[in-house]
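Okay, so here's just one chain, in structure tokens, the form predicted on its own.
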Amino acid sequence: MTKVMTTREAVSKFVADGDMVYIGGYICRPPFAAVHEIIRQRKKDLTVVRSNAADDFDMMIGAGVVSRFIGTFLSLGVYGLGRCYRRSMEKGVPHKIDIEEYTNLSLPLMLMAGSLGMSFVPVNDMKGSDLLNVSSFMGDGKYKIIDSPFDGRPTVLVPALRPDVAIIHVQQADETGNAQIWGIGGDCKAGANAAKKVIVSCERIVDRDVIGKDPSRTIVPSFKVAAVVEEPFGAHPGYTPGFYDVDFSLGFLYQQASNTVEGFEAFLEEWVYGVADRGAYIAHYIDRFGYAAYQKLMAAFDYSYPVSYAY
């Protein structure tokens, strides 16, 4: 049965106020179209989760839809710490969020534990760090230290994460939700499979036969998926291997705009509230920067080395 719908429908049906939401995208394939729709629908009190958070998370914090953040850091890449994130923590603008910080190893392992039905997972990289000295809304549940039952050494345990919903952007999926990626995976597979339900945004919808010809690329099976959205250019200004590159120009524009509350609000008005959907967003981008700039981002087509699944 088809699960295809619009981003507006998917976010309205499957993202509720107060949810814990895993949002994929390790720079590669961030689901910006869905992030914009969350802001557009003015969701509230969300707990957002991902390692390597970037401008997508910063934007949601600045728009006021986030109450809690479980992450490793939040930066605008070469432009430094997220401006909205910093204003929230230092000045309470638009409100102060609660954060729990982990490492770039421990957080993906927490999601992996959730995807495997485990209640916790041991990690070593947090030992001796100040991350053990600071906790927020998770309190004593942020971690536990036990003596290893095998060698007696102190071992840090961190809890599994099971988000209410995961939103990921992928290269292709079929209409029932079997989703495939290539390129940097980050914690995308673990985050999606840890969640109770998944919204899949994709560059293209393909037949089930196409999925079956290269099954190892499938990171989420259809039974986990609640909605499938065909959303070309849906990760922009991030990149999607095989489709388009990072748009550093718009990234710089966001950094400059988000330096002030007024600039950030003007950016949202132009790029989020002022456009109805991703199609209108693309049209506005071309109108603002020209078709040549849009086309320059597009990837040249090339095959990877062919493989055979015959036996």
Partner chain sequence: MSENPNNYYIKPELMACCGAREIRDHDVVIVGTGFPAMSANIAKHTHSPNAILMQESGVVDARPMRPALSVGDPCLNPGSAMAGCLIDVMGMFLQAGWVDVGFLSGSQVDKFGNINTTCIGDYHHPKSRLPGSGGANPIGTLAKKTLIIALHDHRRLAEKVDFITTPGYIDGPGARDGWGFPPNTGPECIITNKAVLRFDKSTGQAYLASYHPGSTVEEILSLTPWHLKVADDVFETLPPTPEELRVIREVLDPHRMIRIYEGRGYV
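A quick note: this is a predicted structure, and the numbers were derived from the prediction, not measured. Residue numbers count along the first chain shown, from 1.
Below: the form predicted together with its partner chain, not depicted.
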> Within 4.5 Å of its partner chain in the model of the complex: all of Phe73, Lys127 and Val246, by heavy atom?
Replying inline: yes
>> Taking any heavy atom pair closer than or equal to 4.5 Å as contact, tell me whether Met89 reaches its partner chain in the model of the complex.
In response: yes
>> Can you work out whether Ala190 and its partner chain are in contact in the model of the complex, taking contact to mean some heavy atom pair no more than 4.5 Å apart?
In response: yes
>> Lys96 versus its partner chain, in the model of the complex: is there a non-hydrogen atom within 4.5 Å?
In response: yes
>> in the model of the complex, is there a heavy atom of its partner chain that lies within 4.5 Å of any heavy atom of Cys28, even though the partner is absent here?
In response: yes
>> Among the candidate stretches 259-267, 33-41, 46-54, 275-283, which one is within 4.5 Å of its partner chain in the model of the complex when only heavy atoms are counted?
In response: 46-54
> Taking heavy atoms and a 4.5 Å limit, what residues of 203-240 are near its partner chain in the model of the complex?
Replying inline: Arg208, Ile211, Gly212, Pro215, Ser216, Thr218, Ile219, Pro221, Ser222, Phe223, Lys224, Tyr239
